[in-house]
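Next up: just one chain, as structure tokens, the form predicted alone.
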Amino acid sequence: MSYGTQMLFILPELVLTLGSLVLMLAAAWGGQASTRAISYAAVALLIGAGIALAGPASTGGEAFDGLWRSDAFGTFAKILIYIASGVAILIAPRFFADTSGDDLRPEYPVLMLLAAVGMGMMVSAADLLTLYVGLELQSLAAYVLASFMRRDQRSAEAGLKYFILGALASGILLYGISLVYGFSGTTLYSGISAAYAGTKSLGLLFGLVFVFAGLAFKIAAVPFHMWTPDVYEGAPTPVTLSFASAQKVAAVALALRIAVEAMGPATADWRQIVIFASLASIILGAVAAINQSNIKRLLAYSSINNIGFALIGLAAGTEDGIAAVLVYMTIYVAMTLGSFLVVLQMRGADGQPVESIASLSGMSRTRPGLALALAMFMFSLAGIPPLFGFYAKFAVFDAAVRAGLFPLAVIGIAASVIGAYYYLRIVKTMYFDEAAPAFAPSESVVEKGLIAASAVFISPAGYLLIPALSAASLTAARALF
């Protein structure tokens, strides 16, 4: 295969990389005044990268001597990543314009594009070193984005905590990679799979444990979740939206590919780790969210809780299980985008962001449309029918039962009742408490349109998409096997 043909396999990443470099130069010459134009150009590049997924970038197979794999699985994940990243760029200008003098700078969309490049590498890597390069590219951009509001103490603290704990997790992951390489003799997923299929050594088992520990940090699964509430609360809300959606999808897709392609023969070994992380995340995410007073911290624990449910599908270790995880993440992204878009609407009379749950009191009377949308997102996150979030949970539980993990499914269903409490508390606050001062009206057509689109997607109308979504997710899952 020629080098030029192989370059077509990474065409989406090339589009984003070259585009971000050009936009970086434009930012240097245009200065602050170029921010809005660069933001729109960044969204156009994400659309272009999505179009570039057609062809060899989605069906080409292996490239660069097995370092890269272009398949339906990577394409599925990248589409979700590009959509969430585009939304995070579109909603940023109004947020930064109204927040404590921290005007949006043109570096923001460029960093989002570079993070998208890293996430694309993560989901398409077929080698541990390619994986690590993509992971670090995404992480370096994320550290800067978390602390993007230079005058805000919480943002600076969020960036610092994320950097320190992220460096620790990277060290754990790299140590696991070194153990796997040392005892398998290769960093290619195919070679590692062959090593696990043979006589397993203690070194390979320890390598597996450390690799999954490093991945648990990226997906914010218990017991490596400690950074999530503080970072979600302190980071700018558009950045938090990206962390909770795009980066979550990339990390989960990365974990799925490693679990199936690289360590598939060791399913019995890593399944125990995944089951523990799943149940611990579900329970802690539900219990710890109960007493939260900040909506962004509550959504942080909600993301931990939802990752626990997604891991139930991974624990199954089957094609149906992987497909169920992809379905879950698709619906989760829509629910998360909608929830954080509503949070962006929470502004006091002075235009400053308001994040307390108490400020939602009586919103059904002051902003009935917004209250209805948030109620739909909360009910859907809780998995209450007939909203689409119910189908997401049903898919992973069904996959677990099919794989013979009936006790795991039962415990997951029982634990989901705990999580429903704090979602319903939000609805009760909006509809039954005394009205708090009304939020300042929003003139953003983009935000209103995105909230409406997310609400329609997770409504009962979303069930019409099940045939197409199931077919696409199953095709993507089969690409791993």
Partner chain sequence: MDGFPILSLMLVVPLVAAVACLFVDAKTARLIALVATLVDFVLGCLLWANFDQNPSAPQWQFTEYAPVFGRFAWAMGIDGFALMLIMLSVFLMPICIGASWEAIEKRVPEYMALFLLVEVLMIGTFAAQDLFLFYMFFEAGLIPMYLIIGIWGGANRIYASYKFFLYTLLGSVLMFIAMLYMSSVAGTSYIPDLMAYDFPAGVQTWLWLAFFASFAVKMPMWPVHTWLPDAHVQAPTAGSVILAGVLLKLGGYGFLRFSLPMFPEASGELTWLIFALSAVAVIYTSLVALVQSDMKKLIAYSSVAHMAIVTIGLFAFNQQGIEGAMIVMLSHGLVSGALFLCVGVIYDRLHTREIARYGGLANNMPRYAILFLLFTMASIGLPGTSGFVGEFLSLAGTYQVSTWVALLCTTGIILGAAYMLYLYRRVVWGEIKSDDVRVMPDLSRREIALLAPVAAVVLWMGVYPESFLAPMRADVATLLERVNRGNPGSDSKPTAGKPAAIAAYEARVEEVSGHGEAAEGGEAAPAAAHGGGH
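Note that the structure is predicted; figures quoted are calculated from it, not measured. Positions refer to the first chain, counted from 1.
Unshown form predicted together with the partner chain; subsequent notes refer to it.
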Problem - Joint contact, Phe390, Ala420 and Arg425 to the partner chain in the predicted complex, by non-hydrogen atom at 4.5 Å - result: yes
Practice task
Given that the partner is absent here, state which listed stretch (436-444, 65-73, 408-416, 50-58) has heavy atoms within 4.5 Å of the partner chain in the predicted complex.
Solution key: 408-416
Fill in the blank from the handout: Note: exactly one of Val354, Leu90, Leu279, Ile384 sits with a heavy atom within 4.5 Å of the partner chain in the predicted complex, namely Ile384
Practice task
Could you tell me which one of Phe217, Phe397, Tyr82, Phe96 places a heavy atom within 4.5 Å of the partner chain in the predicted complex?
Solution key: Phe397
Exercise for the section: Would you check, heavy atoms only and a 4.5 Å threshold, whether Arg365 touches the partner chain in the predicted complex? Expected result: yes
Exercise for the section: Answer with yes or no whether Arg154 is in contact with the partner chain in the predicted complex, where contact means some heavy atom within 4.5 Å. Expected result: no
Handout entry: Contact of Val22 with the partner chain in the predicted complex (heavy atom, 4.5 Å)
Key = no
Problem - 4.5 Å heavy atom contact, Leu464 and the partner chain in the predicted complex - result: yes
